[in-house]
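Take a look at this one chain, the form predicted on its own, written out in structure tokens.
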Amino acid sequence: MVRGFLLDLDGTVYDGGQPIPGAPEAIVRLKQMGYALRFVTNTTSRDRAALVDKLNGMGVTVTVNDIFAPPYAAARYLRKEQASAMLLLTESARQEFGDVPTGGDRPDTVVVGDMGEQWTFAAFNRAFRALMDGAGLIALGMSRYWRTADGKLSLDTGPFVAALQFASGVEPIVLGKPALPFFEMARLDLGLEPDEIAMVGDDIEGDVGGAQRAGMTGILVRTGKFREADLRGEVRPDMILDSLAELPAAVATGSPPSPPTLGGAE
């Protein structure tokens, strides 16, 4: 029985700077139906507060506790391990690391996210040297590229992590979709068992495939980066919807406080 949803953001709740039609209303309805929600994103260039501001500006009322993103997951991991870190992140993403020790050239861990135009050889080489001195490597996702607001493709975190891994021989811990540790941390944050959670997203591999390998239900929406060719791959969604707006009606076979079981795949 599904009792909670992990909702992807870009391409599922919004596309660029605009909400997906009907998505804000669907989120309100899901809350009214008694479902627990977390917004799970691979965004590594912003902290949760910035994402909250963006969502609230679109009419989606959330708090930082509703957002689960790679920088937050990495900061939690480092606090648990009592480890210091070198952060290859934007200034916004760094805000999640608060009390994590981040000074010095001999950190316990190098954390790599999307730095966009801020990437420099000096930063890259400093990270390489730290890895060669024994630091571990945390990747905030392994996506190869993403589509910017102007429709052009841009390098994402994965290629930079792959270069550091190739040069140093250090295997990264991946804390972003579709990696199992990231889904497990999101599950614990939601406080439910895997079979009580459904992931909703536009990425057949990162959202649906990752969730299914974590023992969750995977729901694909035909918005954002979705392409019909996605349906010809190895990953088979448990449900396919035209958009997030359809989700409340698709699961409305019961009533709160006992949320209904999802139906089968289309």
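For every residue, the number given is its place in the sequence shown, counted from 1. This structure is a prediction, so every number in the text was calculated from the model and none was measured.
There is another form of this protein, the form predicted in complex with a further copy of the same chain, and it is not shown here; the text below is about that form.
Among the candidates Gly191, Gly116, Pro101, Gly134, the residue which, in the model of the complex, approaches a further copy of the same chain to within 4.5 Å (heavy atoms): If I apply the 4.5 Å criterion carefully, the residue I get is Gly116.
The single option of Ile173, Met142, Met185, Ala83 touching a further copy of the same chain in the model of the complex, heavy atom within 4.5 Å: By the 4.5 Å heavy-atom cutoff, the listed residue in contact is Met142.
a further copy of the same chain in the model of the complex: contacting segment from 177 to 185, 87 to 95, 159 to 167, 72 to 80, heavy atom within 4.5 Å: Heavy atoms within 4.5 Å of a further copy of the same chain in the model of the complex occur in 159 to 167.
Non-hydrogen atom contact Ala122 with a further copy of the same chain in the model of the complex at 4.5 angstroms: Ala122 belongs to the contact set for a further copy of the same chain.
Any non-hydrogen atom of Arg129 within 4.5 angstroms of a further copy of the same chain in the model of the complex: Heavy-atom contact with a further copy of the same chain at 4.5 Å: present for Arg129.
Contacts with a further copy of the same chain in the model of the complex - residues in 1 to 39 whose heavy atoms fall within 4.5 Å: Contacting residues: none.
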